[in-house]
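Okay, here we've got a single chain as structure tokens, the form predicted alone, with questions on binding and movement later.
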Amino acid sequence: MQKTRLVAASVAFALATAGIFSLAAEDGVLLHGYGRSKVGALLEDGSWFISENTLDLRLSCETGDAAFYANPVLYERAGEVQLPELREAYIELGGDAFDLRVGKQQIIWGKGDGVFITDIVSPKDLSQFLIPDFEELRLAVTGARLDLYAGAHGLELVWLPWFTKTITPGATSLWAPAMPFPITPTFVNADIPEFALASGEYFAKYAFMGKAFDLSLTGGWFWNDTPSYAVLAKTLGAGGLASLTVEPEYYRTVSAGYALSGSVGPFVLRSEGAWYGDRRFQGNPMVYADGYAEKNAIQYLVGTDFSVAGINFGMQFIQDFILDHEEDLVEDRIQNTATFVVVKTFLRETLTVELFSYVGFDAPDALIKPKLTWDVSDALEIFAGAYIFLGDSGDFGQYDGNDGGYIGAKMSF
């Protein structure tokens, strides 16, 4: 009952906020969104791993050069009503040569599909690994974003005074990743960067949108929103390491990157890459006193999109390099991954068949995500899909026992 009241209060608050703002609006407030039900089961034993109802509300209104937007989301999972979430809520001021957005907002950079290289501003919700839609993986950040425009050129500046961390799976979750330690450690709670001017994060992106190609250059000085693990204490026994105590630590890092796309005949070509300074990589705690080593790293991708006989194809190849690599690090010096997507529509584009897959070449392993979507009407969508993991190690193979299927329906308004 208490959670129900919280849900109702959240919706009422969002509606009231938009209503107050719209008193001076020329066109009034707009409300749209969707309701969605989704259930899924593991193929191995038939147990439910998804049982979810979602109400996603999107409120917006404009008055002159100002606009307001709010995106409250309500979830019911496994019969339990969750605390309401406010995915985004911001005010935007605009002019002929600038836009200023202040509040909680998603900031999307980069050209990659399902890969986050220069997309360094917004952290991710990985509590269910890569199972949710990509739109739901990205979390909003709280701060200010200023966009400046001059013809085909643009400059985007972002300041985040509040730190937002990546949401990781709990220790008992299906999606809890393998820990990079030889034994199970004892964890100490992490310290979160405090709200202070000195703790702010800063990002910048220059963009050029030409007739033949688009180019962006990105940079940032920020907190790594996925922590490393620092060794606080360890004891040795007759067989080696007997106990280990670690603390998740969020640390500063710097990045500089690029994203490029253009068309050559029937092909859309794209590339994206970034250099990261002083990233922490976990290592053998018997070799590294802190449990990690700081190294520079490079990540890049090359990809293409094209169509053949009405079928859309997309391919990407991604490489990760650890510079000055050492053999006692957990991760390999080079990691190679690819993504593939195939999309075909039928029945006058009301039925969409999609296959998206990640392939890791080093383990080897893979994640294959087939999906079927039927647009019954402009408002009603019925969908079904699956998650198939291949391999027995690596980013995807570690979840080999988590193959599952799901069905659902989505009503938009």
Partner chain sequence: MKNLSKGAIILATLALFAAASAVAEPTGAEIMLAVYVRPQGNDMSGVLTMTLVDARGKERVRSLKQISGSYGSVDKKLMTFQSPADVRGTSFMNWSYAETGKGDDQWIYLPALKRVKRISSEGRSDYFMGSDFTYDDLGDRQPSEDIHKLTGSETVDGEACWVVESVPKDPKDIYSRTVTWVSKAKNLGLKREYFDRRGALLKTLRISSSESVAGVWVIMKAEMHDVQKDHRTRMEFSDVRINAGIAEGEFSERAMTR
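Worth saying up front: this structure is predicted, and the values here are computed from it rather than measured. Positions refer to the first chain, counted from 1.
The same protein also has a form predicted together with its partner chain, omitted here; what follows describes it.
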| item | value |
| --- | --- |
| Stretch from 186 to 194, 292 to 300, 209 to 217, 274 to 282 whose residues place a heavy atom within 4.5 Å of its partner chain in the model of the complex | 209 to 217 |
| Joint contact, K111, V268 and S412 to its partner chain in the model of the complex, by non-hydrogen atom at 4.5 Å | yes |
| Partner-contacting position among Q319, S243, S307, S199 - heavy atom within 4.5 Å of its partner chain in the model of the complex | S307 |
| Contact assignment for its partner chain in the model of the complex, among P248, P169, P132, G262, heavy atom within 4.5 Å | G262 |
| Non-hydrogen atom contact S357 with its partner chain in the model of the complex at 4.5 angstroms | no |
| Contact flag, T350 vs its partner chain in the model of the complex, heavy atom cut 4.5 Å | yes |
| Exercise: D378 in contact with its partner chain in the model of the complex, heavy atom 4.5 Å | yes |
| Its partner chain contact at D99 in the model of the complex, heavy atom, 4.5 Å | yes |
